[in-house]
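Only one chain comes next, encoded as structure tokens, the form predicted alone.
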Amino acid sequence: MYRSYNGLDALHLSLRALGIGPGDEIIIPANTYIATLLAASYVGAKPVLVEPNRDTYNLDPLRIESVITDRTRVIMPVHLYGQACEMDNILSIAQKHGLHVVEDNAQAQGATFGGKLTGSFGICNGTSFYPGKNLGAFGDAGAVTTDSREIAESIRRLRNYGSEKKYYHEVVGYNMRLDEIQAAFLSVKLRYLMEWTREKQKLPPGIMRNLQR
């Protein structure tokens, strides 16, 4: 996991590390927060919106293939309201067409699909620890998760002015480093995430809606 300043930064860094840029297309659910689209815009890619499944409000896998073109590079599922997207179908489509999957896991920390945590399916995945999230920092914060050593090294450089070694800058990078205060809050709260989630699941739906406002 490589920490960044917020969830938008996490998605932006993920796309940069994958080499996504002008002329590329990214499939994004139409029902999402603006940060998901901004991440695509920041690297010069074109967001291609797909309508959600009406039962879950998540990206509908049945609508994905109809918008894939020779410029499509990434599918970006967004796990909303603590619900995981249908990752088996999404991954199958991505593999069939040679596409990357980058998850936006800002609203589903701790959720699972097929026994596997969201944020662990894609080649890299962005999450947000904004204070209003179920795992929130004291202020803005975010992270990227990946199993790829190469991507991890690229993101480490990009978030630190394009540098791995002080005063040696290999690429045009950013200042997207998480400060220690946010990391300290999150390291404590993370231990209680699953316990707090189980307690929230016991609450009546009406109370949960009020808590989320």
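What you see is a predicted model, and the numbers here were worked out from it, not measured in a lab. So that there is no doubt, residue numbering starts at 1 and follows the sequence shown.
Absent from the display: the form predicted in complex with a small molecule. The rest refers to it.
Exercise. Looking at 184 to 192, 150 to 158, 62 to 70, 31 to 39, which one sits within 4.5 Å of the small molecule in the predicted bound form if you count heavy atoms only?
Worked result: Of the stretches listed, the one contacting the partner is 31 to 39.
Exercise. Quick one: is residue 106 in contact with the small molecule in the predicted bound form, heavy atoms, 4.5 Å cut-off?
Worked result: Heavy-atom contact with the small molecule at 4.5 Å: present for residue 106.
Problem set entry | 4.5 angstroms heavy atom contact with the small molecule in the predicted bound form for residue 11 | Judged by the heavy-atom cut-off of 4.5 Å, residue 11 is in contact with the small molecule in the predicted bound form.
Problem set entry | in the predicted bound form, residue 78 touching the small molecule (heavy atom, 4.5 Å) | Answer yes; at least one heavy atom of residue 78 falls within 4.5 Å of the small molecule in the predicted bound form.
Exercise. Just to confirm, residue 141 within 4.5 Å of the small molecule in the predicted bound form by heavy atoms?
Worked result: Yes - in the predicted bound form, heavy atoms of residue 141 and the small molecule come within 4.5 Å of each other.
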